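Shown next as C-alpha cells: one chain only, the form predicted on its own.
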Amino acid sequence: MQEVTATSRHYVDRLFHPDPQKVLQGVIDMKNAVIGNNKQKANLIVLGAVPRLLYLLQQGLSSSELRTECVVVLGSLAMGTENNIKSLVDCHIIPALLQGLVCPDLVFIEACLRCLRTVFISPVTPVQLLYTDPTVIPHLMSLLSRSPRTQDYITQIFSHCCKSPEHQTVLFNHGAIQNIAPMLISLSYKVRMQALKCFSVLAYENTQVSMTLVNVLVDGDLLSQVFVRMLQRNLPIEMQLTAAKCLTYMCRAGAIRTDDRCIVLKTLPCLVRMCSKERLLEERVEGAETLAYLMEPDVELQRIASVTDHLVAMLADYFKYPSSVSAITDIKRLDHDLKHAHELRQAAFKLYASLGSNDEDIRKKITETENMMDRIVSGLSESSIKVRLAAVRCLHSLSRSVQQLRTSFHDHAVWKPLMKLLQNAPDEVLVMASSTLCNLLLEFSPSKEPILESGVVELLCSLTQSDSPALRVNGIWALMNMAFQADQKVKGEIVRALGTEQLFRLLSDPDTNVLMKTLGLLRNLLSTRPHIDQIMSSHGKQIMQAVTLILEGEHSIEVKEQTLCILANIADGNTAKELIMTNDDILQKIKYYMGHSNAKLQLAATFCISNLIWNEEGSCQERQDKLRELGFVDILHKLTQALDPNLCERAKTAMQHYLA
C-alpha cells in the first residue's frame, strides 16, 4: 500500500512542476497509469489530483494540449467507481467542463463532452446540474453539428438527463427535435442510435413532443416512416427495440392511431418478436414491458397480440429462469439468469395484465396456461416489490372476469395471499391489491364468504381513512360490494367498524369518486325494509342531514341522483318513511327535483314519492292527503305526459297507487 501511495504521490507532485512541459508529461504519464486501474484512480483522488487537474484545465496560460490531456485524465477517473464520480462532482467538475465548451478547439470540446457524458450517465450525478445555467442547453444544441463525436456525446447527455416533463419541455423549447432529427440518417450507426434513444426519452408520455414528431420530415420522409424502417429484422436488436419504443410512445400520446398500419403491422409484431426465446433476457424484458404499455388501453391491439406468434404460451417461458444448470462452466450464465429472473417475471405479469384487461377469451387463455394461477399466487409473496406489484396487477386484470372469479380464483384460494399482501404494503401495491379485493367481494364471487370471515372489515375501514384518494375509494368500494344484499349482521358490522363519524366525513369528501362510492354503500345498507327501519331508527337524523346537505350542494347529476335513490330506499321503509314525511324541507327538495330539467333526477325523485304513497298498510291515507296538499299529485299528473318513457311509466304507476 505504501509503495502504491508513494508512486501515486509522485504523479500528483509532478502536476505542480514549474516547467509546463514537465507538467504535460506528468499528466500523460498519469493518464497511462490510471487506465483500467481503479486502485490507482482512487489513490490519485484521495491525494488531491482532481482540484489540481481542474486548476490546470481552467488556467488561461495552459496549452491546448495540456488542457485536453487534463480532461482525458478526469474522464478516466470518472470511469472508475461511483465514489470517484461523487468526488469529481463535489470538486465542481461539471461547471468547469461546461465552461470549457466555449473554447474554439474541437478536440478539446470533444474531450470535455466525453468526460461530461461519463459523469452524467452515472446514477449518482444530480441531472439538475445540466439545467442550472440556462445558457448550457442552447450552447449544446449549437455544438451538435460540429462532428459525429459531439452528436454522439451530447445526445447521450440529453437522454440521461431527461428525467421529467419539465426536462422534456426545456429540450423541446430549445429545438431538440429539429437539431437531432437529421442525425437519424447519419452515416455513423452510433449517432443514429443515440438520436433514436433521445427521441424515445423525449416522446415518453409527452403529447407535445409526439404531436411534433409526427410531422417532422427527414430527407423527405416522415419521421414515423424512418422509425418503421429501423424495425427491419436485419438491423441490430437495440435499434429495432428503440424504434419500436418511439412509435409506441407516439401512439400512446395520441399522435399515431392504434389502428395505423405502422402500429398493427410493424410495431406490435416487432415487440412480440422481442419476447421470443431467441432474444437476450434484457431484450425480452424490455420487449414485454413496451408491448404491455402499447396495448394497455386498446382492446383490439390486445386481441391481435394474443394471437401473434403464440404470445401467451411464449410468456410462460419467462418463469423458467434461472434454468437448471448442471455444468459448472455455466456458473456465469446462472448468475446472469438469477439477476434477471425477477425482471422477467415482472415483465411477464405486466404483459399478461395488459393482455387480459378487457377480453374474456384472452383471460381464459391466460389462466389455462401452465401453472399460471400458482405463479401469480407465488408472485404475490416474492421478495421483490416490483414483482409483487406486477403480480397483483395481473390478478386485478383477471379478476374482472365473472367466470375466473367463480373458477380459478376460487380453486386457488387467491384471497389468502391477497389479504396477506394488504397487511403492510406500500401504497402502490395497496391500491392494486384493494382494487382486486373489490372484485373478489362482488356478490357472485365464491371468495366473498371466506374473506368476510377473515375479519376484512377493519382493514377496509382503515383504508377509508387514508390520505390517498385511490385507497379511500377502494376501501369504501369494497365495503359497498360487501354490503350488497348482505344480511343484517354484516351490515351492522360495517356500520359499527366504520363509525357514523367516519361515514359522514366520507359523505363530505372532496373526491367525487369517494362520495359516489360512499353513497353506494349507504344505498346498499338501506335495502330491505327491516334493515332500512333499523338503521334509520339509530342513525336517521344524521343520514337525513347528510342527504339535505348533498341535495343543496354544488354536486354533479350522478351524485344527486344517487342521493335521491337513497331517499327512495328510506321512503320504502315501514317506519323510516316518517322521517321524510315529517321533514318539509326534504319534501320541497323532492318536489323541486321532480320538476328538474334532467330526466334522471326527475325519475329518482318520482321514485321517492311513489314509495311514500305506496298503499300496503293502513296509514297511507294520511300521507297521500299531505302529499296532495303539497301539490305532488298535480306534478305526477304532468309527468304522465313526460317525453322520457321510464319517467312517464313511473308517474303513471304512482298515480295508480293514489287511485287504488
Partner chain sequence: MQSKGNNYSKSDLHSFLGNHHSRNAVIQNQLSQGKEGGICCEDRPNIYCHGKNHKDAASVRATHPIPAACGIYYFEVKIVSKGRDGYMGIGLSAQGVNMNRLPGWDKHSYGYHGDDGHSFCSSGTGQPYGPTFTTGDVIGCCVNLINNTCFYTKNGISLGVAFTDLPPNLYPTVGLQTPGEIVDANFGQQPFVFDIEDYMSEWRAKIHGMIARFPIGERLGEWQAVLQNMVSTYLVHHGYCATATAFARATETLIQEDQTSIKNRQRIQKLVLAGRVGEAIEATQQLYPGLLEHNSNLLFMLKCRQFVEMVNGTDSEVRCFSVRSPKSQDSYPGSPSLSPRHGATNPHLHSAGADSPTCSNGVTPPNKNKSHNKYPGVSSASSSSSSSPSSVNYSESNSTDSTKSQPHSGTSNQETRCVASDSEMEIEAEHYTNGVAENSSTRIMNGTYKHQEILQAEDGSLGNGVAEDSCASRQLCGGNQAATERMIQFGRELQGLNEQLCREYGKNATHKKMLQDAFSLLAYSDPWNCPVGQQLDPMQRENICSALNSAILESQNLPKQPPLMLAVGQATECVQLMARVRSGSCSFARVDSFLH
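Numbering follows the first chain given and starts at 1. Computed from a prediction, not measured in an experiment: that's the story for all the values here.
Not on display, but discussed next: the form predicted together with its partner chain.
I256, heavy atom within 4.5 angstroms of its partner chain in the predicted bound form: No.
Close approach of P269 to its partner chain in the predicted bound form, 4.5 Å, heavy atom: Within the cut-off, so yes.
is_contact(I557, its partner chain) in the predicted bound form, heavy atom dist at most 4.5 Å: Heavy-atom contact with its partner chain at 4.5 Å: absent for I557.
T308, heavy atom within 4.5 angstroms of its partner chain in the predicted bound form: Close contact exists here: in the predicted bound form, T308 approaches its partner chain to within 4.5 Å, heavy atoms only.
Interface segment, criterion being heavy atoms within 4.5 Å of its partner chain in the predicted bound form, picked from 149-157, 309-317, 177-185, 538-546: Residues of 309-317 come within 4.5 Å of the partner.
The single option of E82, E449, D361, E278 touching its partner chain in the predicted bound form, heavy atom within 4.5 Å: Flagged contact: E278.
Proximity to its partner chain in the predicted bound form, single hit among S383, N234, T135, N424 (heavy atom within 4.5 Å): That would be N234.
Contacts with its partner chain in the predicted bound form, stretch 248-265 (heavy atom within 4.5 Å): Sequence-ordered list: V264, L265.
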